Each structure stands twice: as C-alpha cells, then as structure tokens.
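A single chain, nothing else alongside it, follows as structure tokens in the form predicted on its own.
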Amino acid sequence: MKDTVKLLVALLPGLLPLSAHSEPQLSVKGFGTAVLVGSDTDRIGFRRDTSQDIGARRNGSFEPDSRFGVQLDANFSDDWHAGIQWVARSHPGDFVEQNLDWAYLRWRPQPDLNVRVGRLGFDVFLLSEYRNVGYAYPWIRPPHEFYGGLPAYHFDGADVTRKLVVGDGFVTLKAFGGFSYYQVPATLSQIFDAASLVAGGSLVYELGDWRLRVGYTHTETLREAPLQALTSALNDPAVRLLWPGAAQVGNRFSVRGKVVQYSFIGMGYDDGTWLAQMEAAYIDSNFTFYPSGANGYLSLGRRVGPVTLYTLLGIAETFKDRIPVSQPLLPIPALVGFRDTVDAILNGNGVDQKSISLGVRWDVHENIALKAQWSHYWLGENGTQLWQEPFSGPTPREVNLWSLGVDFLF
C-alpha cells in the first residue's frame, strides 16, 4: 500500500497545474464478470493464474474468475490525460494495492506520440492490458496455458508509444520500463513479495481485419524467495553430515538477480463473422522456480447473429531436466520427509499441459454477454504449476472443466 501512496503523490504535481488552467472532463466506466467454474475432480484445483491461492474443484467456485472493475478517466486537454483502474478480484496479497492496475498520467506531445508515467498495465501479450475485461474477448477467460503463468498485472514506470501509417495499415511501436511489485502464494509461506525490473518493447501492425503483434520483455528479480528456514536447514552441519546431497542443492534456492526473457508473436483476425486468434511465446530463464519453456494457443470462432461459437486449443511445455536430489545416508523419517520437500520445491514447478475447449457466447443485451465453456486438460507428470496441487498423493492426468458466466460493461 505504501508504494501506491507514493505513486499517487508523485502524480499529483503533474495534475494540479493542469487542472488550474482547465476544467477536467471526467468519466467513470466499469466492467464485471461472474463465473461459476468447477471440475470433475477434487485432487487438483483450477486457478485462473498463479497469483491465486484458491482453486476450483468438483463443487465449483465463483472465486477464480469473478471480478469487478472501475475506471476513472480525466481529460484536461487534448494533450493531457489521467487514468485510474482498480479491479476487485481474488488475490491473497494486499487487496487494495495489488488490485490497483492503472494510475497514470499521459502526455501527447504530438498526435501520433504518447508518453505515460505511473502505474501501467503489464502490456506483454495481446490481451495483457485488458485480460480482466471478460466482455472484450469471446472465451470465459484468456487461454490458460498462455496467461495462467503470468501473475504480474502491472508495473510502475513509463512507456512511450508511437503510431505510424505504413501503406494501407498502421504500425504502433512501444517501449516500456519500470519496476514490478506483485504478491504470489509461496510454498513454505503464505505470500511471496516478488519484485522485478522490467523493460521491453513491441510492434503492432494493423491492416483491415488483421492484427499482428511481436515483442520482447526482459525481467530481473530483485528479492530472494521466503525460504530462509529451508536454506538454514540445508546448511545445518548435522543435516549435511547425514545427507551429503544437501550441500549440492542449497545454492539452487537463490532467486535474486535471475533473468527471465519473453519473446512472443500474436495474430488476430475478425471480419465481424469469423474470428481467429493465436499467440506463441518462448521463455528463456535461469530462474529455478520459473523455468524456460514455450506456450501458445489457437482459437477459431464464428458469429451467428448475437451468438458466437468458438473452439480453443492450448499448449504449454517447460524445458527443464529434473534436478537430482539424493537420498540421506540413513532413512530417518524426518530427514527423508525434508528431502522430499526439497525435491518437490525444486522439481514441482514445471508446466506440461494441453487442452481443448468448446464454448458459446450470447450477447443478450448491449454490454451484457452470457458464456458457457467446457475444457478438457491433459496434464503431464510434474507439469501442473498452473493449478493448485494437493499436499500429497498423485495428481490426475486428465481434468474436465466447466464454466458458466456473465460479462458486462457500464
């Protein structure tokens, strides 16, 4: 919460002189989604993304996907604009601070150039800045394999956008950078206060019914994970005497200074009747808890009057060899249990997932859409990081998921 207060205070000096010369034009908009989601198993819980600590099971739950957002915009002139967006959603961290996605000041020095400073949406992929606005896309939720592993929704910093006319189309260039602070559930503690430096850029080309986007994002972690108790135990002389392998795995728990790089491409088509969209990304990482990998999806749909029928194919795979964790010299139950915990933390962070979804959207009224979706997931061994896993026992290799929801704007 302190970071948010500092951010808003930093914006005020820029807003005050503007408001002194002109009466701002204010507008308030909002959006919301209510979704009931359930599966055919209690062995594993479905969560929308890895920022959540609650998963939906056989009985169903409204928590993973339901949310409500309010957006305030203030136009001071043609050149100056401020925006704030806050979204109430299921989150284990600071409910007020972590759900504040936008709080920025925008300056337009030229008609085709925008500069924004403040809290900005983490604009990494096609849907990143509006993935909470369910009304903006046909599915119940953004493709799980692609967006489920992205727990950061915003960063504090700046971006610069330039729009150019190229032939019959438009090219939008963006560069951004700043500091990302986000809270996620952790294995041995309730919350991990993660922080990273972020920088990147993207190019978007729009021509008629087509939209193409390519980009790159670089992140570097700034904090260690809350694993002090575990690392202290690994360094204990008695533990190392009875378990020599403890010394070999101890250094793998350091996360500060680790780098993750995202390279991605996305394409969309929408002619009013047919719609198609795909995205693919490669993640290059030296981060033990977020290994390198690739993911992508393809969606096809067709509108028939107010009804949209769609299908969605998704895939995600991490490229990681299993880290060997040796057994203790003596089968002492407490030490064997500790060894198994270490093994689970080091090797239980992969994603090996494929899915197919069928769904329907019905626009029953202006700004109101009803949706229903069925998804079938294939989960590989040690590949369920996107889900809420059980504390013990095997996880299912296949899961059916059903979802019923409504999206609205106001």
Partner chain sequence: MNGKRLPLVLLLLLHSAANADVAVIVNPRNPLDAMTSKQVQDVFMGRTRSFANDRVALPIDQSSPLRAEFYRRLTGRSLEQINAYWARILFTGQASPPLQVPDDAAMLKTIRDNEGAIGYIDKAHLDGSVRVLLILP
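Positions refer to the first chain, counted from 1. Just so we're clear, the structure is a prediction, and the values are computed from it rather than from any experiment.
In what follows, reference is made to the form predicted in complex with its partner chain, a form of this protein that is not presented.
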* Pick from 143-151, 194-202, 224-232, 126-134: which stretch has non-hydrogen atoms within 4.5 Å of its partner chain in the predicted bound form? -> 126-134
* Structure fact -> The one residue among Arg108, Arg256, Arg252, Arg162 placing a heavy atom within 4.5 Å of its partner chain in the predicted bound form is Arg108
* **Asn114, Gln98, Thr318, Ser285 - the one with a heavy atom within 4.5 Å of its partner chain in the predicted bound form** => Asn114
* Looking at its partner chain in the predicted bound form, do all three of Phe179, Asp352 and Trp387 come within 4.5 Å of it through at least one heavy atom? -> no
* **Contact of Gln71 with its partner chain in the predicted bound form (heavy atom, 4.5 Å)** => yes
* Flag Leu409 as yes or no: does it have a non-hydrogen atom within 4.5 angstroms of any non-hydrogen atom of its partner chain in the predicted bound form? => yes
* Asked: For Thr41, is any heavy atom within 4.5 Å of its partner chain in the predicted bound form, or not?
  -> no
* Asked: Contact between His81 and its partner chain in the predicted bound form at 4.5 Å, heavy atoms?
  -> yes
* Stretch 243-274 - residues with a heavy atom within 4.5 Å of its partner chain in the predicted bound form -> Asp270, Asp271, Gly272
